[in-house]
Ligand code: C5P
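What follows is a single chain, given as structure tokens, in the form predicted alone.
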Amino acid sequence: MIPDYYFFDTFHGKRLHLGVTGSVAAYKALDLLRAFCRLEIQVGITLTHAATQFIAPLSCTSLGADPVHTTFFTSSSHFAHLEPASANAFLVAPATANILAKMAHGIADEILSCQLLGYAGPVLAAPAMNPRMWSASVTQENWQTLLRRGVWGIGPDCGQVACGDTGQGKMSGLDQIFIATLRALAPQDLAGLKIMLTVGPTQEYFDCARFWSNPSTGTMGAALAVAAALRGAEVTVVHGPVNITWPSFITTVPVVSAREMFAAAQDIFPTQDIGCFTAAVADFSPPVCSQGKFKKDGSPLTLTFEPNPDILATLSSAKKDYQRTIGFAAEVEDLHAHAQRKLKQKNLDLIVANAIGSPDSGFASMTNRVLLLDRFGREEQWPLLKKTEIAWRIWDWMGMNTP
């Protein structure tokens, strides 16, 4: 399952060539094809003879692949072995031990290996094979050779493979292959930047069974983190309890409470270029419970909540000259006034505010309407957009709106 916050519409018109080899995992290539076509990426496919024993060329064509190659001699092009040259990236998934060996040693005895030999752009490979084949010294030597040459390796994972054996050799999840491929297709305009994000809610426990929190799912923060990482930034995410699938190239620091988030962010932020504070941090926390669990005895429960540290204000007020901070504000009314006040009070470079309460905007929604104000006096009101689109545009804003 590929999460919605991995789908960025900015890849429309990019070209990808997909190589599929003779592994049981070949059937998963069709799901990858669907996902890439959903973003209107133009996908060509080459199936080895062994791959055609698992999936049919007609299935690829029916799902939008064009062209589809299987041999040197059945293609309508006389130069099918060079056709992927126009692609922005070349992904081999699944990649068997056989194709890895051919890639490592320049063997071009069938159409896919010949295409790979003649392709000069970024190549990604997602290995899939029996664990004993993966751990074989010759396979490991071939793999290391490919990595040294710049091939982007994706996995493999550990788990049970088709024959019933368990170990490393299982093809990585489609989500990890998909997002790694988008990274190869994305502009690298944030390369060299270190970006820290706080994401999701915090939970402030009353006792061991109850906590004070909010409905944040972390979707907006996840979209921002993934977008920044796709564009080349070194991304670290400090996140509360969320159900988010993070790409392997994002560093994550899980926390629970606001004080834990503050401690982690305070430790990380001094080495970062940008701090993006999307987390819905609980402003208050209850006192520490003297008993394991409050017992209901019919009388009212009274708790005196203490204020939590203001993570955004504390870190932003102490930022260095080269550091920039982005804050988020979820409001019910007077959106502009509250955003303007927070922008100044918390020493922000940009604030992104949205009105919560609508089912298509705010918590747990894949869409949002936002108001952006920056410290140079610029502002924009964006209509209802997918959070992935908002995330991409925010990084555009940070790159372009500098006096």
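Numbering starts at 1 and runs along the sequence shown. This is a predicted model, so every value here is computed, not measured.
Unshown form predicted in complex with the named molecule; subsequent notes refer to it.
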**Asked** Exactly one stretch in 59-67, 341-349, 45-53, 23-31 has heavy atoms within 4.5 Å of the named molecule in the predicted bound form; which is it?
**Response** 341-349
**Prompt:** Can you pick the one in 171, 312, 100, 228 that has a heavy atom within 4.5 Å of the named molecule in the predicted bound form?
**Reply:** 312
**Message:** Using a 4.5 Å heavy atom cut-off, which residue among 331, 165, 157, 207 comes into contact with the named molecule in the predicted bound form?
**Reply:** 331
**Asked** How about residue 181: is it within 4.5 Å of the named molecule in the predicted bound form, going by heavy atoms?
**Response** no
**Message:** Since only the chain is shown here, I'm wondering whether residue 189 would be in contact with the named molecule in the predicted bound form (any heavy atom pair within 4.5 Å).
**Reply:** no
**Asked** Is residue 175 close enough to the named molecule in the predicted bound form to count, meaning some heavy atom within 4.5 Å?
**Response** no
**Asked** Though only this chain appears here, would residue 219 touch the named molecule in the predicted bound form if you measure heavy atom gaps against 4.5 Å?
**Response** no
